[in-house]
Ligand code: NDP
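Next comes just one chain, in structure tokens: the form predicted alone.
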């Protein structure tokens, strides 16, 4: 496992990391979560991602119980979480980054995780109703209180991130240091245009999610939707249309020949492709069973095999176009 600096910070994150979205609580209980986290940790993963909104807070509870069971030394791993959507329908408790919500949010997350602090706290989406100064000050205070080491953004526009950085610099506050964008062969928009200049000029980190496009790039949907897949879960019906799109499936099928040449799976090839981006700090992988963790971790061995010629062939399949932003 290789380790990369998180943007211009001093901490280094494993190039492959492990996230809990969809799986923890929904598909994996505490024992299964601990087993998968242990497999990732043994492979060199030191970055574990979560969010208060995942499974309505239960994902954090599962990860917290798993960490308690694993008894790892706290300095040996990083835990991140994200705040925005909230867990309640109160007017000040959902879809906001106001000071009250952020401080109550981090307190709730720490309680569910059973931790004194998280390593990175993300603003899960931008809030266009709260002044950016209020959000930056609250995140600064959370870091000063020792409840988070760093803070970042997720699915923010480049302009919004620059504005947050400028506010922090003007008031000598802790600046956001990393973005958590969607990134895979189908969706590259968060690294194109103004974003590319942004990562280069500001040295912002990137902890990318959905490297397999919700499993589409693993190839498991080429013959329909398996009953044990996330698309078959209650509440994830919105995924079905995307995972059965014929044009996308044709591209995945075309990618198979390259994977066969390299002696790897489609999932490993797709994750390895993400690793070739020099602006990516870590690629967040997910799994519902240990075998998937072992398979995903091997992507680090495939990345060096992706020569410029092979990358060009992959781009030819996917058109090299940035698809529309995923809402």
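Residue numbers count along the first chain shown, from 1. The shown structure was predicted, so the numbers you read here are calculated from the model rather than taken from an experiment.
In what follows, reference is made to the form predicted in complex with the ligand, a form of this protein that is not presented.
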| query | 254-262, 274-282, 293-301, 64-72: which one contacts the ligand in the predicted bound form at 4.5 Å, heavy atom to heavy atom? | reply | 293-301
| request: Spell it out for me: taking the ligand in the predicted bound form, does every residue among 7, 12 and 152 have a heavy atom no farther than 4.5 Å from it? | output: no
| query | in the predicted bound form, does residue 198 have a heavy atom within 4.5 Å of the ligand? | reply | no
| Is residue 215 close to the ligand in the predicted bound form, meaning a heavy atom pair under 4.5 Å apart or at it? | yes
| task | Verify the contact flag for residue 221: yes if a non-hydrogen atom of it lies within 4.5 Å of a non-hydrogen atom of the ligand in the predicted bound form, no if not. | result | yes
| task | Using a 4.5 Å heavy atom cut-off, state whether residue 125 contacts the ligand in the predicted bound form. | result | yes
| Among the candidate residues 137, 209, 77, 117, which is the single one with a non-hydrogen atom no more than 4.5 Å from the ligand in the predicted bound form? | 209
| With the ligand left out of view, which of 287, 28, 45, 53 would have a heavy atom within 4.5 Å of it in the predicted bound form? | 287
| remark: When the ligand is considered in the predicted bound form, the residues of 2-22 having a heavy atom within 4.5 Å of it are 19, 20, 21
